[in-house]
Each structure stands twice: as C-alpha cells, then as structure tokens.
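Given next, in structure tokens, is a single chain: the form predicted on its own.
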C-alpha cells in the first residue's frame, strides 16, 4: 500500500492544501493520505496569536473531512500529542513501525524540499520515505528542483518526485491570516473551517454570532457536523425557504431554522444531556436515552442561546424530529423540509413533495404516518409527541 504523509502547521488549513493533497493522491497513486499537523515546529516559530495545536488539529480534521474520502484520508494526532519539537524523522520512524510493509511518501512544498538536507536526520527521512515536492507554478519546476533532487538522491539515496499542481489561485497561510483579520479570505477555506474560525474568534475575527449573515451562519452550522451531513442541511434550508415562499411564511425564519436544525446532530448522548441540563430543558425517559431525539432540543437551545434566534426558529427546530399536536406553519415547514429535501430517497417521497405544495396538513399526515410505520417496522418505540401529532391531524379531519 502507498501512503502519503502531508505535514505542516496548517495555520489554518486551506483549499490549496486540499487541492494539493487530492492531486498528489492521483499523481502518485496513493491508497491513503495522512495529514500530520505539527505540534511544535522545529523549523520556525509559530506567529504570535496562533491557535494552540489542538485547535489547528480540529481545523485540519474538518478540512480533511470536507474531502469526503473517509476510507482514504485521515488526520493523525501523533505530532500534536508528542512533547517537544515535532521532528519529521521521529514521525516517519513511528509510522514505519505501524506500516512496516507499506511505501511511505512524504509530501512537502518547494521551500521544504530545497532545505531538507538541513533537517534533523535527513538520511533517516530519505531511508523511510520517498519525497514528493509540490510545484505550484511552472517556475517551481526549474533547474533548482532538478539539482536538489539529484543531490538528495546522491547524498541520501532519496527517491524524489515533483508534482506539478494545476493552475490554482495561490495563497499562503500568512496571507490568509492577514486577510481573515480584515474580514476577508473566506473563499480560500472550506466552509466548515471558516465557520470554526468564526465560532472561536481565531485570527483576529470578531463575528457577532447572534447577528450572522446567511453565509456566516451557514459556515458556522456546517462546522459543527460531519461533511456527509452538509448536503442535507443545505437541502433543508433551501427547501424550507421555498415552502415558506409558497405558503406565505417568513422566508428568513425558514432559512435560519433550516440551516441550524441539525447543528448538534453528531454530539454524544452525554453532550446532549449536558446542554439540556445547562438550559433547564425537561426530558422524558425516552429522550434521556436517545441522542437522535435530543439533537432537535439541543439544536434549538444553541440556535437561541448561541446564535440569538427568535422563538419561532427555536420551536421549529425543537419539534422537527418528533412533531407535535397543532404545529405552527413554520414548524410544519421545517418538519417536512427535513423529511423530503432533494437528497432524500425513499418510496413515497415524490408524493410527499407534491402534497407539500398542495396541502401542508395532508403532507404532514403522510409524513408522520410514514415515520410511524418506519418506527414500527424497526421495532422502535413511538415518541408520545409523534403520536400526538398523528392524533391531532386525524381528529381535525386532515386524514
């Protein structure tokens, strides 16, 4: 197996890193790629006010996750956890112990490649891994890289490759940090990484989380979940706005509820319970044991208390999983948008979509009914609020 190792401070990780990594995987035929955020870099001091290593690691995890290659791309915490300077020779030695029969490729930028002979134990590095240098411009592929490759080969027995990257807008982490401090630069970052930066006020950003515009609220929401959930969240927000427009509901409230409805989807049960306890939310026995049920309550709590959303948005998120008796129009819209947004595929979804634009209550009856049927088939208890929603619809002649 061929494994690429891409190290760096990733301060912050940006799209050029990801484009380079993906291109290297194709060019070298890598089976796996390991991002290796540096803990304490030996070759340079981190700039003042840089985030601690743990936060750089968390941003790199979000960036790697955005590649949507979970079986092939991972982030290793080895150097972040290691005490003292993060030397590449030590890292490769540990990786060689883990993967003794695999071929390691060390990926690096041009500047690093040209100075590798000055690193600690360059002979060990060249013995344990092949070297691949990224060339971002045609000028990078000139005589200097050829001379350096020949030198490393003759001196340390290195096997070297130069990866000519496609034409991309170059940006350094230094430039990006300066842009972020000015309120610019989001176009160079995965949305989830940008949202993380805003939520933690990194790199001189000063976003008011209680008064975010659509783009920033979207980024913050996506930063709290796995990338595989992004398409669903965006689909719900888009569908909710469209339904709100169709039924004369507030489109702005529909967007906010839609984009935040799943922001706590991947918290652990313990984390859900802690949020509910913090905000004094009453729970029944079924909810105390189910993260799936609790994510709507904790999502509502953060929408209100972290992102400053009004009661209409709070309750629309609160009820989007179970439903309830006598729902408001916005609550119905979010419940249904969550059920039938464009990425959903199941028997009956097209009929549900059609009804959503003809009769909200009939659509709700169908949706709640399908949910109850699915729970019954899987042997999962029906929450009392879901049953109450069905009973109310039937009692008021919506069947």
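Positions refer to the first chain, counted from 1. Here the structure is a predicted model, which is why all the values come from computation and not from measurement.
Keep in mind the form predicted in complex with 2'-deoxyguanosine-5'-diphosphate is missing from the figure; the text below concerns it.
- Residue 265 is the only one of 136, 177, 265, 199 with a heavy atom lying within 4.5 Å of 2'-deoxyguanosine-5'-diphosphate in the model of the complex.
- For the residues 304, 186, 297, 232, the 4.5 Å heavy atom test against 2'-deoxyguanosine-5'-diphosphate in the model of the complex is passed only by 232.
- Here the chain stands by itself, but in the model of the complex one stretch of 204-212, 148-156, 318-326, 116-124, 318-326, has heavy atoms within 4.5 Å of 2'-deoxyguanosine-5'-diphosphate.
- The putative spot formed by 261, 338 and 382 is fully lined by 2'-deoxyguanosine-5'-diphosphate in the model of the complex; each residue has a non-hydrogen atom within 4.5 angstroms of it.
- At the 4.5 Å threshold, heavy atoms of residue 354 stay clear of 2'-deoxyguanosine-5'-diphosphate in the model of the complex, well away from it.
- Proximity of residue 292 to 2'-deoxyguanosine-5'-diphosphate in the model of the complex falls within the 4.5 Å heavy atom cutoff.
- Looking at residue 19, you'd find every heavy atom of it more than 4.5 angstroms from 2'-deoxyguanosine-5'-diphosphate in the model of the complex.
- The closest heavy atom approach of residue 9 to 2'-deoxyguanosine-5'-diphosphate in the model of the complex falls outside 4.5 Å.
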